[in-house]
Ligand code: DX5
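To begin, one chain is listed below as structure tokens, in the form predicted alone.
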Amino acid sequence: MIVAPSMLVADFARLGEEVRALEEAGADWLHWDVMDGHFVPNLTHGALPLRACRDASSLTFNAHLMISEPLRYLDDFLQAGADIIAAHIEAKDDAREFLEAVADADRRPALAINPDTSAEQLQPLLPLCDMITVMGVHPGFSGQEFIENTVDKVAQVRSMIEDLGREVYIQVDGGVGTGNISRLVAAGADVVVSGSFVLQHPEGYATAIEQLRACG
């Protein structure tokens, strides 16, 4: 299981220190939630903070573009050093064109899917994906309650991937904690994004990550 703390909950005044602390605490990847105030009703960091932190860590940087026009800003995240770049299947831009552009840049292309979007819509695009992000909450804000049918959607996506016959990660983003992680992993999740649980844990980042691993 890959643990990917979300930088959305990090201290923005100390991002470089936070990146180093999370790596030392045992994080596998770092998850960068990018919001444009249009695709979702919130506005967060863009490519510049990711780029500023790139030299602070050797971890995989996963850029989750919750934006309407991911193709318009793709070059910014390529230049910033993102390793995995995900757009939403619901975004305005053509998903196939986006995935092909990421792959052409020798990075790992990914798609994210909202709770209200059926998993079947991923079917024709799976051969182009290195990862699918299944949202466990409606995108836009951290700290939301986990949507229970996410577990069934993860199992459905895992079945589709097995039928495809190639390796594709399934990441779950939103509402993940010790109470549901075992069910998500059993359903087929490989990667869990955790913001509030890890970065606001009263006993620190390392303890939080250890507790997630113990449950997964």
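Note that residue numbering begins at 1 and tracks the sequence as displayed. Just so it is clear, the structure is predicted and the values come from calculations on it, not from any experiment.
What follows is about the form predicted together with D-xylitol-5-phosphate, which we do not show.
For the interface check, one of 161-169, 182-190, 61-69, 148-156 should have non-hydrogen atoms within 4.5 Å of D-xylitol-5-phosphate in the predicted bound form; which one? Flagged stretch: 61-69.
I'd like to know if L111 sits close to D-xylitol-5-phosphate in the predicted bound form, meaning any non-hydrogen atom pair within 4.5 angstroms. Looking in the predicted bound form, residue contacts with D-xylitol-5-phosphate do not include L111, since no heavy atom lies within 4.5 Å.
Is M135 close enough to touch D-xylitol-5-phosphate in the predicted bound form, meaning at least one heavy atom pair within 4.5 Å? Because a heavy atom of M135 falls inside 4.5 Å of D-xylitol-5-phosphate in the predicted bound form, the answer is yes.
Within 4.5 Å, heavy atoms only: does L212 come near D-xylitol-5-phosphate in the predicted bound form? No, L212 is distant from the partner.
Consider L8 of the chain shown here, and say whether it contacts D-xylitol-5-phosphate in the predicted bound form, taking contact as heavy atoms within 4.5 Å. So L8 counts as contacting D-xylitol-5-phosphate.
Sequence order please: the residues of 195-211 with a heavy atom within 4.5 Å of D-xylitol-5-phosphate in the predicted bound form. Stretch hits, in order: G195, S196.
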